[in-house]
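Just so you know, structure 1 and structure 2 below are the same protein chain in two forms, each on its own as structure tokens.
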Structure 1
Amino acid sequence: MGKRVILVPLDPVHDIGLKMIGRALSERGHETRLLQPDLSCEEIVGEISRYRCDYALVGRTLGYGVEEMLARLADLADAAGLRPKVKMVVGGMAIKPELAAELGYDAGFGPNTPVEEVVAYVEGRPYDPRGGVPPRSKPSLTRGYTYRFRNSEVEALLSGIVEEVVCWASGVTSPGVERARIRSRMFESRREGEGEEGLAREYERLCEPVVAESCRGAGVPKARAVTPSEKERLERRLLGRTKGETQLRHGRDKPLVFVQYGTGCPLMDVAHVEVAESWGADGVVHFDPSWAARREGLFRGLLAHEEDGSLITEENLRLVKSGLGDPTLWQVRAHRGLNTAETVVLAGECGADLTKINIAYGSLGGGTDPERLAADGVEAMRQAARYGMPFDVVTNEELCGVPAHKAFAGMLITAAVGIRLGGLPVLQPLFCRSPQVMLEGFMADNYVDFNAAKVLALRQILDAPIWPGAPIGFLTHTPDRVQASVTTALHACLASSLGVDAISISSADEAYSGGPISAASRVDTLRAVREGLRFFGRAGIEPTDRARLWASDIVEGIVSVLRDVARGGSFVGALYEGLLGSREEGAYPGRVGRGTVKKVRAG
């Protein structure tokens, strides 16, 4: 049954809220009447009495003497015998429910209160902040993509290169490849209720001494186990937790927004994940220490570490996983070191949704020997396909000054190998003012055209998801948190305008803090992104004609590089020879793991 509602604007300049509420109530079948704004309290009470309303909604911004006036209005309504019949409600700037109660009102609504919340109050029902929208489900980056090539010449060149890579990899092995397979067998033995002791000893023989000793119970420098009481407190706090959902995107389903964590402490990681989720992040990325990529083997045990990331251990990963909300995508990156394949196995077993693998960047900018990372990378892609985990292929070679077309050629080779092995690669171009951009002046006028050119070029080649990041705006940021948040938001809006599938964003202080990343800085960036996406909605950012010209140049460059690689007959050889990035351009073949790849014995 409809209600009779009188709308009382006590502030003639700020009555838009009441008008919006009145319109919403009328649309739902309620009868409303808006009073003029210059009535005295006595006149208002007279109107309420004559209208015989069920609700009186009073709008007023607090100021000098306003509390007394609001209290006087409530007292006069009471004296007139109206209070048993009429619900008195006040709303406006600085209004709080506690203050409204003190002034004699039945309810109070502060600034930014959704209109729907007031309507729900009038209708006597609980307010659903989601407006009846079903709970958010876990999204997919790869759904709907065919992975078909749109450029026949690129497809033909990649076909030959991929066959060479897969054939070569099938005839070699490495300590990393063997550890990944042993880990898989260990998990399988556990599921079948069998012992792991023999496999554990076999695993340890393939590890560096410090790692092997830790597997046997020795301590790890600068690290300690999470105590049972710490874990118990965390589990108690997570038990029965309900999560608020802040809508980050406006008007579009994508891009999904990822933030990375890597505090060194899994307990703190869970806290940072909660902050990110609470402010609308769609996914989180496990950021591991760079030094861990240079060691043979992964530590075992529930460890915390004060370095530049969080250690990859089964226990750490499972602890973080326990703190994730059901709709949140979780990536465990595994892209650049001696434990790439094994990390993919751990990620898959611990329930990760995504991983990260890139042979070219890891061996030209990440410090790992190209031959070693090629062998381990192919095994990692096989494992990712086995677990059904999509993997992104980052192109951070550009951070060294390598031209985008060479970085993209390496990315496409890795992606094509992944497709050949049944995997689901995700293309991840840089979206930032990289060294190549600085050297070539591509962003002298704006930050839009060259970033747009990368996306346009990739779309001309392959029907696959695109996830700019690592993170967007990197090297465009400054130590100023406001600037860093705004820059990230602008890059996010460009990404949304270009229709990409996901973006990675950093905290406002992430690249410059020199210490812990604060939760407040994460919120700064997430709020800035939300505001930017709200500003543009389905409107877009229009690149100039230069974006299309540069996209064509990138495609031509990719074709030229792939021809050179195909002509040489060896992907690994191309990495050493500089075809995918030379020393002069800032790329260098890594040395870690050199000499550890062995041919598989026949039979």
Structure 2
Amino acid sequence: MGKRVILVPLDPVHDIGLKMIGRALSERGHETRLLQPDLSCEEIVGEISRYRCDYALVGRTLGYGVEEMLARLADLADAAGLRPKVKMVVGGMAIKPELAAELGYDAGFGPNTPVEEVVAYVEGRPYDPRGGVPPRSKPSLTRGYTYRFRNSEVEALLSGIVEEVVCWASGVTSPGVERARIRSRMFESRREGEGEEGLAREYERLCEPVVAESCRGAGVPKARAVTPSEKERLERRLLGRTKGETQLRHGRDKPLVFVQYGTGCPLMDVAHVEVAESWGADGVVHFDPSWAARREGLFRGLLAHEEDGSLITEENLRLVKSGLGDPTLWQVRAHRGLNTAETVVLAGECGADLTKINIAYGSLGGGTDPERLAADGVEAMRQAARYGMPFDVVTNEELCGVPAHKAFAGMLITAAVGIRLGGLPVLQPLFCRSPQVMLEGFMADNYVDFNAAKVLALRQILDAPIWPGAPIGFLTHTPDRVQASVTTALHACLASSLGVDAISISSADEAYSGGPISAASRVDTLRAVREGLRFFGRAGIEPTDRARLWASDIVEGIVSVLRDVARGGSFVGALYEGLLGSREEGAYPGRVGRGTVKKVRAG
């Protein structure tokens, strides 16, 4: 049945919002009457009572003197006995629901209220912000990619290198490789309802003492156990929670936007993930402390770490998972340490969608011995393939000073091994002002060309998903949160314009927080990215001709590095020798885990 609605601009002039609402209501067959602005409260109450309406929609735009006026109008209407008959609603730029409650209105609608929401309220229907569109489902990063090479020379070189790596790896093992296999069997027997005790004992023997003790319930350095009541409180909060859906993109379905979390405390992580999801993040990345990646073995327990980075334990991962929204992609990084392979197993078992593996970066910039990480990395990729879990191959060694083409050569070798083992690698070039860029002046004019060149180069080589990271805009951020948000948003717009599959963004205080990342700063960059993507829509950013030139330089550089690696006959050897990044360029073959790789006896 049609309603009678009076529209009241309680404002000297502003009434456009009310007019829009009025038009929508009339179109739906309701009777409306718009009062002129600038009437006194007494006059308005008189009009409301004469019009015998069901709803009085009061609009207020100006932010001054709002409370007194609105409170008085509500009180007068109450005193006049109108309230039981007329629902009084207030809305406009100066309004929020708390204020409406406080000032005596039945409902309040703030700025950017969809007109449809007001109409739904007047009609007494629940408002569906998605307008009947079904809820988001989990997107895929790798769907539609063939993993076919487009550059036959690169393809040929890589196929030789890959054979060598796979063959070498099948002849060696390490404590990390063994632990991954035992873990895998532990999960297996848990599923089959058999005891894990024997396997657990075997596992502990492969861990260093501090880790083995934690498995038996001892404390963990720099961490404390989350108490059952803390956990219970979180679980209670998670119950019955509904999540809003914000769409970051506008008119495009790429790039997916990832943010990292890793406050140290898994409970806090759940809260940060929730903030990120609420502001539109498509995926979240688990950041762990680097010291833990240098220990043999993974700790056990629900543990809060006192510094940045959340420990990777089964309990921690399961808790975070329980807080994740259904469509949210979840990446657990495995890329750089002594637990790379077993982290992949754990991630797979705990329901992660993605992981992260790169032998070259982990051993040249991540501190792990190249031979060790090569052995563990290959096992990690086998495990990832077993779980059907795509992994990105990050090229952070660029941040150490390694030129892009060398970092890319390392990435492509890892990716090609992954493909060979049946896995789904995702290429992760950096969008950053790297040391190379600074030295060579590649960004003297703009930040667009060189970043674009990287994407163009990779596309010329392989048909695979591309996920610039991590985070985009590295080394362009300053402590100024507005600046950091703007530069993040601009890099996101470039990524969108290039049509890449995903990006990782930082918070506005990530580089300079000097402590935990604040939730507000997460919102800063998510909002900024959304605004940037809204601004460009499907329009694009046009790089100059230099982008194409640099792209061919990069491809040539990659080919020449791969030739050198192939000629040397050993990928691991190439890592030590600096073919994929030298000491002069800032790449130091790591030492953690040196000498732990053993030959397996044939048979």
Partner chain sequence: MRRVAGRGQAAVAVGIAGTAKNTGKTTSLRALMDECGRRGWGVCVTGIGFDGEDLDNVTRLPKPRIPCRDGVLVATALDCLGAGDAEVAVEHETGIETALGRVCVGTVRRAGFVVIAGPNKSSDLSRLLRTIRARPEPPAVILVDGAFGRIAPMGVCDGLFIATGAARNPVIGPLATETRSMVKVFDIPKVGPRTGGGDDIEVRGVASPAALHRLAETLGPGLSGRSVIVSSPTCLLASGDPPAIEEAMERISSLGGSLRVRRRPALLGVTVNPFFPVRLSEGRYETGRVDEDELLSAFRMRIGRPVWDVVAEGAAGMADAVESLASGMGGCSLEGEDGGFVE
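Here the rigid core means the biggest group of C-alpha atoms that line up within 1.5 Å when the two forms are laid on top of each other. By convention here, residues take numbers in order along the sequence of structure 1, the first being 1. Predicted, not measured: the structure shown is a model, and the values here were computed from it.
**Q** Looking at the two shown chains, say which is the form predicted in complex with the partner chain.
**A** Structure 2, not 1.
**Q** For residue 587, is the CA shift between structures 1 and 2 at least 2 Å following rigid-core superposition?
**A** No.
**Q** With both forms fit on the core, has residue 72 moved 2 Å or more by CA between structures 1 and 2?
**A** Result for residue 72: yes, a 2 Å-plus shift.
**Q** Could you check, with the core superposed, whether the Cα atom of residue 553 shifts 2 Å or more between structures 1 and 2?
**A** Residue 553: C-alpha displaced by less than 2 Å between structures 1 and 2.
**Q** Would you look up how far the C-alpha of residue 61 moves between structures 1 and 2 when the rigid core is overlaid, in angstrom?
**A** Its C-alpha shift, to one decimal, is 3.4 Å.
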